[in-house]
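This document opens with one chain alone, in structure tokens, the form predicted alone.
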Amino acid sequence: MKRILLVATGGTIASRPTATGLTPMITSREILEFVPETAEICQIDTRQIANIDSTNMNAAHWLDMVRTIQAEYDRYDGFVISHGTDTMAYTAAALSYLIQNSPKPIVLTGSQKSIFLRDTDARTNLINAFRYAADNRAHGVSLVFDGLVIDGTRARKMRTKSFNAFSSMDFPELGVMREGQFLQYISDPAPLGPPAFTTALDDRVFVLKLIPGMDASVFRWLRGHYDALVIESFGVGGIPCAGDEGFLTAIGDWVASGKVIVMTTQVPHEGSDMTVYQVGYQVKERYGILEAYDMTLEAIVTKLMWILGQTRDVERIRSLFYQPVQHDLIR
């Protein structure tokens, strides 16, 4: 039998009702008691590194996960992380950069309803996560939810309440879980060497969502507080400039200060292409800002945190950003 480590962090799956709403209170060992079937799948040990609502998840928790997995890596054949759904896609993306080329699987899962309820998706999701983690074909970071196996850099929560909460964005699922079996769609060879662990992040990354009529003066305040700015623009990507170059000037000042700007789109599917319209072409050509193309927002943000944790060199930042990691960038 494979040996799998369950790393528990809280979330809805571990919550109980209180007078002020659902609160994570169920421990990792208690979670396993709800799914005795897993004893037939693999040998499981547990670690409780947090018991929080995933709204409270941050970069420090991601690094705790990395250190836990790194310390236990040689003792186990795979890892399952139980997690709240609201920020699970961010965590999956972050771990994809912080633990690269892992020949062992690191699988995130959770649920839309607590595991102590009778009508819950928690048991199925957990059992599927352990089945996938124990499969010889599994490796790298992924998310298992509602029968889907999604690459860690491609997951996004698309529904707030339904059991089919997550989708794989502009990339096929790695496979599906059907009647206890993993049906593989995407087959990548497992890495042969040891994984590359990183335990440094710079979380001073801000996401600015453009709205019609926004005042460009917001850039001045942000520049004093953040190291990188992700601009969620309209359509395929552009900057307002008709009769007012305030935005162009603000972007020029930001770039001149040595800080990073990445342009992405608010539209969920198909990505950006700043060369299509003048409002995008001129700013990309003039300032050489980075473009996210079909990357998810979760991947953009966490990749920047990972990159800025290693370097401040502009060309090195550009090189690392455009270097594909676990299918995060296809253009």
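All residue numbers refer to positions in the sequence shown, first residue = 1. Quick caveat: nothing in here was measured; it's all calculated off a predicted structure.
This next part talks about the form predicted in complex with a small molecule, which is not shown.
Report the residue, out of Asp77, Glu72, Asp86, Asp188, that has at least one non-hydrogen atom within 4.5 angstroms of the small molecule in the model of the complex. If I apply the 4.5 Å criterion carefully, the residue I get is Asp86.
Which listed residue (Ser54, Thr264, Ser28, Thr38) meets the criterion of a heavy atom within 4.5 Å of the small molecule in the model of the complex? The residue from Ser54, Thr264, Ser28, Thr38 that makes the contact is Ser54.
Do Ser111 and the small molecule come within 4.5 Å of each other in the model of the complex, heavy atoms counted? Yes, Ser111 sits close enough to the small molecule in the model of the complex that at least one of its heavy atoms falls within 4.5 Å.
Taking the partner as it appears in the model of the complex, which of 281-289, 46-54, 268-276, 302-310 has residues with heavy atoms within 4.5 Å of the small molecule? Going by heavy atoms within 4.5 Å, the stretch is 46-54.
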